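Only one chain is included here, represented as C-alpha cells and corresponding to the form predicted alone.
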Amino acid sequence: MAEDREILREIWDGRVPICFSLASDEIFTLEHPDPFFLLVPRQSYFPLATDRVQRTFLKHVDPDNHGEMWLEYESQPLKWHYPVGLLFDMYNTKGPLPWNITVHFQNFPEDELLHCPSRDAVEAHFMATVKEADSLKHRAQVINSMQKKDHKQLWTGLQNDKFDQFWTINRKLMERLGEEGFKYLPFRIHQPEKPFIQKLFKPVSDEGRLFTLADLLRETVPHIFADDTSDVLRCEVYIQGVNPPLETPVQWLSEHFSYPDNFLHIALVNPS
C-alpha cells in the first residue's frame, strides 16, 4: 500500500466521548448511580471498552433479576459487533456530545442483537471478518500464510489500543498483489434499521482505471443520487467520521480508511 502513516495514526486515535447511564427502570438501589463518562476508541468494540461501566452499574441492579449487559441509544439497540465509530456515524454524527447511551441488564432484545458472552466472542467475530476481507482482497492468501502468533498480535493490538503492534501485522493485509489493486473491495454500506449492503466490486477496472467512491455508490445504492447525471446526493456519506470526496479512489479508501476488521464501513445518514 502507498502508506501514509499520519492518516493511519489520525484515524486510529479517533475517540468518541460517551455518557453511559443506567436505565432508570432497572435501578434497584435507593442511591442512583452517577453517569459514567468515557472516551472510547472509534476502532474498538463496546465489549472491549465497557468493563468498568458494567462493574459500576451492576452494583445498582436487582441481583436476582439481571442478565447480559446491552446498550441502547434512543430506543435503538446498538450492535456490539459493529465498530464504535461506525455506530456513532450511523446514529449520532449530527447529535450532541457526549453521546448519551443507556445501559440495560434486563429485557435483552433477542431479535435485534447477538449475545456476547465474553471477549472471546468478540475475537472470534473480528478474526472471521478479517479472514472474509482477505478472501475478497487476496483470495485469503495473506491471512492463510500468517502464523497463529500473527493473528494473536493483530487481535491484541486492537484489544489494547496499540497502533504499532496492530499495524505491524495489518500492513501485510493491506498490500497489493502486484501493481493492481485488490481483487475485490471489502466494503459494507450501512443504513439505520436496514441490513447492510455488500456486493462484489472491483476497485480497479480491467483497463486499469481506479474506480471512485461515486462509482461504488452508483453501483450499489443508486437511489441516493439526485439524478443519473450528477453526483448530488440525497444523503450524507460518512467513513470513519469523514465525508470523503466522491472522486476519491476506493482502493485508497480501503487501504487507509478501513476499520481494523479490514472492511470499509460506509454509513449513509438521513437518506430520503
Partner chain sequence: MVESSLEVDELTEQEVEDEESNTIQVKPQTRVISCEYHVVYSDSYSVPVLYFNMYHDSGKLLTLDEIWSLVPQIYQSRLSQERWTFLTQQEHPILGRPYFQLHPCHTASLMKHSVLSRATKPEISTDTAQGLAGVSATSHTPSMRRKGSYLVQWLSSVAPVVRLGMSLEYGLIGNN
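Because the structure is a prediction, the values reported are computed rather than measured. Numbering follows the first chain given and starts at 1.
Keep in mind that the form predicted in complex with its partner chain is not shown, yet the notes after this line are about it.
Student: May I ask you to choose, among 177, 121, 146, 97, the residue with a heavy atom within 4.5 Å of its partner chain in the predicted complex?
Tutor: None of the others qualify; the residue that does is 121.
Student: Considering 189, 71, 142, 136, which brings a non-hydrogen atom within 4.5 Å of its partner chain in the predicted complex?
Tutor: None of the others qualify; the residue that does is 136.
Student: With the partner absent here, would 231, 238 and 269 each sit within 4.5 Å of its partner chain in the predicted complex, counting heavy atoms only?
Tutor: Heavy-atom distance to its partner chain in the predicted complex: none of the three under 4.5 Å.
Student: Thinking of its partner chain in the predicted complex, which stretch from 154-162, 167-175, 127-135, 99-107 has heavy atoms inside 4.5 Å of it?
Tutor: Going by heavy atoms within 4.5 Å, the stretch is 127-135.
Student: Under a 4.5 Å heavy atom criterion, is residue 82 part of the interface with its partner chain in the predicted complex?
Tutor: Yes, residue 82 lies within 4.5 Å of its partner chain in the predicted complex.
Student: Please run the contact check for residue 76 against its partner chain in the predicted complex: heavy atoms, 4.5 angstroms, yes or no?
Tutor: No, residue 76 sits far enough from its partner chain in the predicted complex that none of its heavy atoms falls within 4.5 Å.
Student: Could you tell me if residue 93 has a non-hydrogen atom within 4.5 Å of its partner chain in the predicted complex?
Tutor: Output for residue 93 is no: heavy atoms all beyond 4.5 Å of its partner chain.
Student: Does any part of residue 202 reach within 4.5 Å of its partner chain in the predicted complex? Heavy atoms only, please.
Tutor: No, no contact at 4.5 Å.
Student: Of 85-121, which residues get within 4.5 Å of its partner chain in the predicted complex if you count heavy atoms?
Tutor: Those in contact are 110, 111, 112, 113, 114, 115, 117, 118, 120, 121.
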